[in-house]
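Have a look below at one chain only, the form predicted alone, in structure tokens format.
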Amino acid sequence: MRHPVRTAIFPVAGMGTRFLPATKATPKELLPVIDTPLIQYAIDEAREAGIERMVFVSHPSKSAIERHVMDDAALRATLKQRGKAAIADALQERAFHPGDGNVIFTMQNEPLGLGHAVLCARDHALPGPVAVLLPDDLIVGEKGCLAEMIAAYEAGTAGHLVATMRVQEEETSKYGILSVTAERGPVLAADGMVEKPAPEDAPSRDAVVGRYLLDGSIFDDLASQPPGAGGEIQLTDAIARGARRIGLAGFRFSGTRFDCGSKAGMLSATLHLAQGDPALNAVLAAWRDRTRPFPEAAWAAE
């Protein structure tokens, strides 16, 4: 019987150069979609999936992430003094608390690749398979992507399971593409993946995005993985090596994915979530009808 997925790894050490100058002082993982930072969406998704331990692979220059993740008792006290107890309680509920051994920050001091970032979490992962969540990939749906994947993983046989979505043929050169051998509902059996192939060379249109469930052997494979593209330790290379030994599958999740590592993706995510917030209806209506003035009442109270 397969071990449960108990650990989630969040690689958050990147510089966020595509969002400079906004990310000069603010980590890209703390950029908000409406009023919630990207990292918080990923944390909430992991919690919904029943993850027990969360390991954040960060960089010394990004201490603001830890400040966001951990409880701030002084801030909560100030909010309560100002009559904002509901906000204080909401912050406390979503935060981790000092002394909690199941939230761990470890450092990736050099930019040696996503595979190296995952390897940095090795000593902190609980036994069994691990989840890897890239906060840049915001996946919105009725059920969290990770919860869906864990249900499929526990019912399947492949050692590695990666989230996939169908892309247009001309977009295959932007993604790792799964080499699919069979389809069973949302689960795609595969014999490997190809990193950013030209459209004419792509084995499918099933692109790998930022959610992974990986057998615990991934750490041994990463430790012996030679540098790949860009001189970095590539996670996809290690997954492909393990696929020959323990099996690989893709999972077509039901939600909608937004590439929030890009400006267009961040804007798309913001507009998508704004549609579900009644407080923003007037702003969206004014945007759709350019003859109407933008309402000030929506933000004047703040």
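Source: prediction; values computed, not measured. The first residue of the sequence shown is number 1, and the count goes up from there.
The same protein also exists as the form predicted in complex with ligand G1P; that form is not shown, yet it is the one meant from here on.
Undergrad: Is every one of Y175, G210 and Q234 within 4.5 Å of ligand G1P in the predicted bound form, counting heavy atoms?
TA: Yes, the whole candidate spot contacts ligand G1P.
Undergrad: Determine which one of 83 to 91, 119 to 127, 194 to 202, 179 to 187 lies within 4.5 Å of ligand G1P in the predicted bound form, judging by heavy atom distances; exactly one does.
TA: The contacting stretch is 194 to 202.
Undergrad: Out of D221, D215, D137, E148, which one falls within 4.5 Å of ligand G1P in the predicted bound form, going by heavy atoms?
TA: Contact check passes for D137.
Undergrad: I'd like to check something about R257: if you look in the predicted bound form, is any of its heavy atoms closer than or equal to 4.5 Å to a heavy atom of ligand G1P?
TA: R257: contacts ligand G1P in the predicted bound form.
Undergrad: Within 4.5 Å, heavy atoms only: does L114 come near ligand G1P in the predicted bound form?
TA: Result yes; L114 sits at the interface with ligand G1P in the predicted bound form.
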